[in-house]
Ligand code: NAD
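In structure tokens, one chain follows: the form predicted alone.
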Amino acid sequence: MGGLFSLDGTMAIVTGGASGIGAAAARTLAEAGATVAVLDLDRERAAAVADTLPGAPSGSPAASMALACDVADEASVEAAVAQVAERAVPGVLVNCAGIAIRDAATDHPLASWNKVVDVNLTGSFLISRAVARRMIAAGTGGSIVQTASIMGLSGGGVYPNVSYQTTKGALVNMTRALAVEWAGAGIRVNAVAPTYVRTPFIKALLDQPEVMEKIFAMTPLKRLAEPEEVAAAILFLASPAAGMVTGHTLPVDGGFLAQ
């Protein structure tokens, strides 16, 4: 890829990069020319993704890399970002790490609530902060793309999922706040808000035909999104093509939010 969508010479970090949207984003960014650091709790699965990415051969200074990282743990985040920064100052961060725990709100344990908040919201903040510090210190600017959800912009969806919906809504506003705060440093902060995406993340829903019928019925395009379609939106927001775009959340939702 070239022109406005080129990421040639850019170091990119993708969290939750071992599968789903994260793996698709890692591949799309690499195809655009980025060197990608694939971060995930499971380093072996992250390495399996990194090893398949186009670009420099494994072992070379510009090769993509895989690192273990628990985004909910500050020390783990700082260590991973420091290791990436030894190679190059990150120019792109894509936050795809996320979890969902489905309980009725009246039965949702505090421990489950806290776990979802720690990963989806606090984790996104911790690594955004760690990367932004390096962008600011180097004076390079860059782009941060969060993965929100249609659940962060609407109360609709398949219930119950209160902690997930709450964190994604908070992530939308955190995107705005960080975009305004870091604009002077040349750091753009945006988010994508996918609908239901055909990934292992929604396997429990994929196994329920009646639930899938409901999802298709409330989606004007009558289908799921594919991870590559979300990755394409992430590339746009990460690339120079979106050079005047910051503080926004881009739905990739098949028309869900237009209703």
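Every value quoted in this text rests on a predicted model; they were computed, and no experiment measured them. When you see a residue number, it is the position in the sequence shown, counting from 1.
Note that the form predicted in complex with ligand NAD isn't included here; everything after this is about it.
> Are any of the heavy atoms in E229 no more than 4.5 Å from a heavy atom of ligand NAD in the model of the complex?
Taking the distances in the model of the complex, the answer for E229 is no, it never comes within 4.5 Å of ligand NAD.
> Check whether P57 has any heavy atom within 4.5 Å of a heavy atom of ligand NAD in the model of the complex, and answer yes or no.
Flag for P57 set to no.
> Would P209 count as touching ligand NAD in the model of the complex under a 4.5 Å heavy atom rule?
Outside the cut-off, so no.
> Is there a heavy atom of K168 no more than 4.5 Å from a heavy atom of ligand NAD in the model of the complex?
Contact with ligand NAD, yes.
> Using a 4.5 Å heavy atom cut-off, which residue among A233, M218, I202, M65 comes into contact with ligand NAD in the model of the complex?
The option sitting close enough to the partner is I202.
> Counting non-hydrogen atoms within 4.5 angstroms of ligand NAD in the model of the complex, say which of A132, A85, V119, V172 makes the cut.
Selected residue: V119.
> At 4.5 Å between heavy atoms, only one of the stretches 178-186, 145-153, 103-111, 85-93 reaches ligand NAD in the model of the complex; which one is it?
Going by heavy atoms within 4.5 Å, the stretch is 145-153.
> Using heavy atoms only and a 4.5 Å cut-off, decide whether all three of R27, A48 and A80 touch ligand NAD in the model of the complex.
Negative, none of the three is within 4.5 Å.
> Taking ligand NAD in the model of the complex, which residues of 89-127 have any heavy atom within 4.5 Å of it?
Heavy-atom contacts to ligand NAD in the model of the complex: C96, A97, G98, I99, V119.
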